[in-house]
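First comes one chain, alone, set out as structure tokens in the form predicted on its own.
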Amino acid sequence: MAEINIRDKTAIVGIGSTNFGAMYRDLDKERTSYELAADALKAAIDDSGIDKNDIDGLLCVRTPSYARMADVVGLHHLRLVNQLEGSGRMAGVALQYAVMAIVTGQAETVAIVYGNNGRSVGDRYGGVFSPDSPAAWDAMYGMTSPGAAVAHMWRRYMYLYGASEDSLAAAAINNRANGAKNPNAVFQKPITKEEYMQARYIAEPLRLFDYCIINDGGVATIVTTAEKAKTLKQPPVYIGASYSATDLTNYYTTHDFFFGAMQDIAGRLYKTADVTPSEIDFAQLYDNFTPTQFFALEGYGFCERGTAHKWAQDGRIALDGDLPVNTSGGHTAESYMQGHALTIEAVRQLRGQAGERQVKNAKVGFYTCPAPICNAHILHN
């Protein structure tokens, strides 16, 4: 199949988010996903210096209605608009749609907006599903949340590769250490290995610190052509490559931990971007639960298959390690914006705007979400 070359034809020029930590401690049942997304978009527009009316594409994630969202932000006459479900894999999908729309001339400047008022309204990620959804196939066996599925995958991983029960501590501790350097994070207190091990199980063998946060927030990203990006306020962050692959069944669990899908992506991703894993300066790894970080490290060739549980120990994924991972604190410390906040953290790193958590000389960044729709991007300055 012939592919359109997307390398460096688009760039992220604006990013915005709400204050995750403040909202976590100040619940408001009247807070809507629309206003959170709108606040983030205003911040992204201000960040980019773009005229709001230059936005001709709008991709809405988690907000219930694209028509309502467009009206709230005053974007009535668009060339491209769509609505995506509020699942984590859609952060990557949305960015890919924006890139494809721009490269094919469907739009010139696309805003991706995400709003989540889940903590204020008491959302729970699990236990509720429609009878015709894939979740029903898991739920009949007591698997009422994605966490239970990932717990089973991690148990299988432990059996196959000899991982110990404390292996995941490295990921949880690293996230909290990075969150402690992030003034916008929900959790800004580091944890010790002892604290991790003493935490209660949620779905054995996963503990409290292996689980993502439920919090309110909004995130927005503005993408435009490489040419237009050079005329705007911020240094462009170019999208060197972006691909997806699926592992779709009636349930969330996979026997290979999404390895096959990630390998499919990796072969195309590195070739298009003309980089190797060793040339990547940091990785933002989608972590609704900490095992997915280890799955991603193997799936994209940062380490050999079956070795991530050892490879990631002893500070290797820390800010000053071989491969800094989830530099903002990820989904277990900064926020659970279902991938969107990880993307804008990558942009901050590549702009050199991450403050105390800045990776030195960051030039090439990586994002991925291991899920039934796996996706990954190479971003660079």
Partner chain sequence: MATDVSAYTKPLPPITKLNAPFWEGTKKGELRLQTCNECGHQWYPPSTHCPNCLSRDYAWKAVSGRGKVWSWVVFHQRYFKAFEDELPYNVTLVELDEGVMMMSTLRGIDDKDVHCDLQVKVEFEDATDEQSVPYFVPA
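Positions refer to the first chain, counted from 1. Everything numeric in this text was worked out from a predicted model, so none of it was measured. We call the rigid core the largest set of C-alpha positions that still match within 1.5 Å between the two forms.
Keep in mind the form predicted together with the partner chain is missing from the figure; the text below concerns it.
Of the heavy atoms in A151, some are within 4.5 Å of the partner chain in the predicted complex. A residue is said to contact a partner when one of its heavy atoms sits within 4.5 Å of a partner heavy atom; R155 meets this definition for the partner chain in the predicted complex.
Residue contact with the partner chain in the predicted complex: G301 places no heavy atom within 4.5 Å of it.
In the predicted complex, R200 approaches the partner chain with a heavy atom inside 4.5 Å.
No member of the trio A180, Q313 and E356 reaches the partner chain in the predicted complex with any non-hydrogen atom inside 4.5 Å. Shown alone, this chain has one stretch from 188 to 196, 220 to 228, 168 to 176, 248 to 256 that lies within 4.5 Å of the partner chain in the predicted complex by heavy atoms: 248 to 256. Scanning 136 to 155 for heavy atoms within 4.5 Å of the partner chain in the predicted complex gives A136, W137, D138, A139, M140, Y141, G142, M143, T144, S145, A148, A151, H152, M153, R155 in sequence order. In a rigid-core overlay of the protein, Y159 has its C-alpha displaced by under 2 Å between this form and the one not shown. Y141 is among the residues whose C-alpha shifts by 2 Å or more between this form and the one not shown once the rigid core is aligned.
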